[in-house]
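Structure 1 and structure 2, given next as structure tokens, are two forms of the same protein chain, each shown alone.
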Structure 1
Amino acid sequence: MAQRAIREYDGKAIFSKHWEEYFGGFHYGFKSVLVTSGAELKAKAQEHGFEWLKREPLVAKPDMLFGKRGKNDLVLFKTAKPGDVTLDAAAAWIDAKMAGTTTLLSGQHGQLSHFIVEPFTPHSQAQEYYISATTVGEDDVLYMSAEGGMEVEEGWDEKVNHIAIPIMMSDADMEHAIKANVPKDIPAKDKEKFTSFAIQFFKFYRDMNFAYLEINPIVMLDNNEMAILDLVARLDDTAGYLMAEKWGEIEYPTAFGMEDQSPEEKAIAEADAKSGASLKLTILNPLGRIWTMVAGGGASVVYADTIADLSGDVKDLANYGEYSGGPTTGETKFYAETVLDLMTRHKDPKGRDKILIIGGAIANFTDVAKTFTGIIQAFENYATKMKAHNTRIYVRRGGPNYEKGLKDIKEAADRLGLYIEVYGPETHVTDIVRMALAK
């Protein structure tokens, strides 16, 4: 299966096209435009059916395959200041954001070119929920939370319920499994409605051949009105010949910043597109002395922030990325070899040891021992170069088979003569950064 990311606009358009078929009993008022300039937005407002752009308060944000737009200050919406976001204000904001280079917190940088504009949806945080589905190994997995928004990744294990749904599970068993695992902290008034939506959402995800589908948040308003505020979607493009009519005109855009990617970043992006897992790599400083292999998108942010805070020099952090979602041993080996190759190309300008952080929270479905086998295989190929750079390795991991994974990687590093310290979930997720820098 080759996963291909699509724009938020196109994902919402697929929802709208099939809403009545899959989401009976709920209403979704699809109002959305995709534009490439402020002038195009103003011209769109003159077309029949888009008069709402002149009447309603608006929300504008880039639609270029990257997340955490709120944390990157890339969402324009009504604030505590007087006045709503008007058509003119949205157009001016889009033109201003397109005027220069944009650098994200992840280090990705490039030119913003596509924006999605929609009506502002008044609601309370209590009306926000999280739901997503993806493929992990041989199963589909549904994730649900009573808390939506930017902070859902913090405390993921405590906040988010997940259900593995085998491909051959009957619809009756699937519905029973979802009902049994709906988060208990969803208010009673919304629980039945959320349960019904979750079942319909999963059927839609599977029938439409999504490889990944996330709404964060889905907002439940009065009168069964639903608002999809933020959406991330990837399609299984091997099903494209079957789904042309149902998907409609679909563009597979180049990810933001990819035009300036190094060969290694492009290689990881290509591997990511072919995998059911998530493989991401951004090189921040090829001469940096601290390199990371972090499992999980949320964890990658936490580790990057911690390294920047404790090192005293953000330039010490060489890369940013993640490997997650149950990558195979071979995929993990390729990812690890790419990082180790980059890490061992240049000596530290100040003559310091190189540091490799292999971190992550507690995995849900990723077999830690299996992924660590891939990392061990990469160590075997790069041990000589790693020792030449005085590389110190610090590992913190939890999840399925983590005890075996930690044991295997420790024994392998000792056999190869590599310095390593390994820790399980009893150690705080970022303590290994402090340990590494204290040496």
Structure 2
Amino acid sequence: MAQRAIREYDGKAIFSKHWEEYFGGFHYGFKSVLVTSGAELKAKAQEHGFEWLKREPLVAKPDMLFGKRGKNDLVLFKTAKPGDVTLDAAAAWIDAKMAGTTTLLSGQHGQLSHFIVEPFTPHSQAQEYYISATTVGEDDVLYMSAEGGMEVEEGWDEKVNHIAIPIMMSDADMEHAIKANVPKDIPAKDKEKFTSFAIQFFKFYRDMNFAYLEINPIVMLDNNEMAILDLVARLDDTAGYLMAEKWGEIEYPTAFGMEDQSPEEKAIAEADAKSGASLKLTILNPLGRIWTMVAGGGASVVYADTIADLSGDVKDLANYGEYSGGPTTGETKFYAETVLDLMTRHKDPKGRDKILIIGGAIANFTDVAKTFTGIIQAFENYATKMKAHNTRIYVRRGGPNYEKGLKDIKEAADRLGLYIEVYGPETHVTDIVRMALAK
């Protein structure tokens, strides 16, 4: 993976942890809690340091990576009038929101589970600003606007100033560029403060290895108090080994609407984390008819493309994934058994054969016969079930020792009474999909 979204709460926690170091001269309270039920919120209010939950009016909203929570009517900030939400009201609202499923304006659909609760911050629209940074092409880009709040996306080009900051730019040049580009419509009284904050914000974004960081709005209160009302952040998780201490405990939640990973997907992800090889599995449709076990990241994509193109119905494609980087026989067996088990759970609704695509390009260094040994062992355990689902197996592979691999897998399938066709590099990599669907 690379860039991964984190919760608003975790993003704010990183700010808070490094605030003194980066944002000298400003103050940030980090009054936020992340809860997964109304009861948890109430329990939190009893803890030392969280008395504000009982004393101050609150704001509650889901913290599940999706944006436009205001437009989706998922921000609780008033009962009768803004700023009157009590602890009880917030807890009740959270429980109510969790009770059913939620459909967003975007069509994403799922169960709400995580909420961030904070004090209500009275302020005026004039105190709201916008700031964000991300990578565009090869450069970092800092975006600033005098208008914060959710309306900023309308009229982006007129309202937002942006500055490209090349990776090798010196701090002095970067600071100069930001100073020169601070939006003109920021009031004079805030201008110096905003400039200073923007420079610090960029350094923080850069040093903390964020891939994307947006505060909308950032509210500049009196006495240099800053309120981060809404935050969106993605981290470059490849920097994780450098940042473990600076980031602290970080969770990468699944996107809202994508069901949480199935036990099988989790098991493969765990095996992947332990292995030097790569093992990936995503279930797209458990009832799907075409199952794939493809070696290599690029090849797995072209098989998925071709199945979607040729089957006429993308729902036929049951899974997406790949194994590569020379997995051991044991790892391949585990991967294969996981796929075979999923494949033989449900009959095809239309009564058609199941198709198993064991595909792959010509390997650079993976020993094909060795990986196929693991698949053959899985066949032996699942042959009966595979036959019960009229499974047709199509194999295509090349690379080190492929002749032996193809011969072994053909012999094993014949011995077990499984339908199989095997092809080597002389056959186009994805042509087995055409053959399987033509029959």
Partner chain sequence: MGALFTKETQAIFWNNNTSAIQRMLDYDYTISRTKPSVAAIVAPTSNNKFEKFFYGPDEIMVPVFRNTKEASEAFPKADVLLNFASFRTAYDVTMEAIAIKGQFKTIMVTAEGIPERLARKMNQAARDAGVIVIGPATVGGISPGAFKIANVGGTIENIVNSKLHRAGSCGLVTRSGGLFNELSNIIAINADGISEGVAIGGDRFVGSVFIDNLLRMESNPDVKYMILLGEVGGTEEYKVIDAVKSGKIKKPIIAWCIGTIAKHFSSGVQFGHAGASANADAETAAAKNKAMAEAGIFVPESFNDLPNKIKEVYTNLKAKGVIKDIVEPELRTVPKVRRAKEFICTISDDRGDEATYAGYPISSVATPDTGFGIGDVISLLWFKKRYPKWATEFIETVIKTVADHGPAVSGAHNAKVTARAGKDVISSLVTGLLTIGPRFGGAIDDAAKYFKYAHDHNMTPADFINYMKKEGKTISGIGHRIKSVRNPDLRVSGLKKFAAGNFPATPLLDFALEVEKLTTSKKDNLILNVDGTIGILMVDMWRALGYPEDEIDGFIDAGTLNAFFVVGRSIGFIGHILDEKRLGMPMYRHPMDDILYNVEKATDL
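Quantities reported herein were computed from a predicted structural model and do not represent experimental measurements. Whichever C-alpha set is largest while still superposing within 1.5 Å between the two forms counts as the rigid core. Throughout, residue numbering runs from 1 along the sequence of structure 1.
Colleague: Does structure 1 or structure 2 depict the form predicted on its own?
Modeller: Of the two forms shown, it is structure 1 that corresponds to the form predicted on its own, while structure 2 does not.
Colleague: Note yes or no: does the Cα of Ser16 move by 2 Å or more between structures 1 and 2 after the core is superposed?
Modeller: It does not, since the Ser16 C-alpha is displaced less than 2 Å between structures 1 and 2 after the core fit.
Colleague: Relative to the superposed rigid core, does the CA atom of Pro119 travel 2 Å or more between structures 1 and 2?
Modeller: For Pro119, whose C-alpha is compared between structures 1 and 2 after core superposition, the shift is less than 2 Å.
Colleague: Superposed on the rigid core, does the Cα of Thr36 end up 2 angstroms or more away between structures 1 and 2?
Modeller: Superposed on the core, Thr36 moves its C-alpha less than 2 Å between structures 1 and 2.
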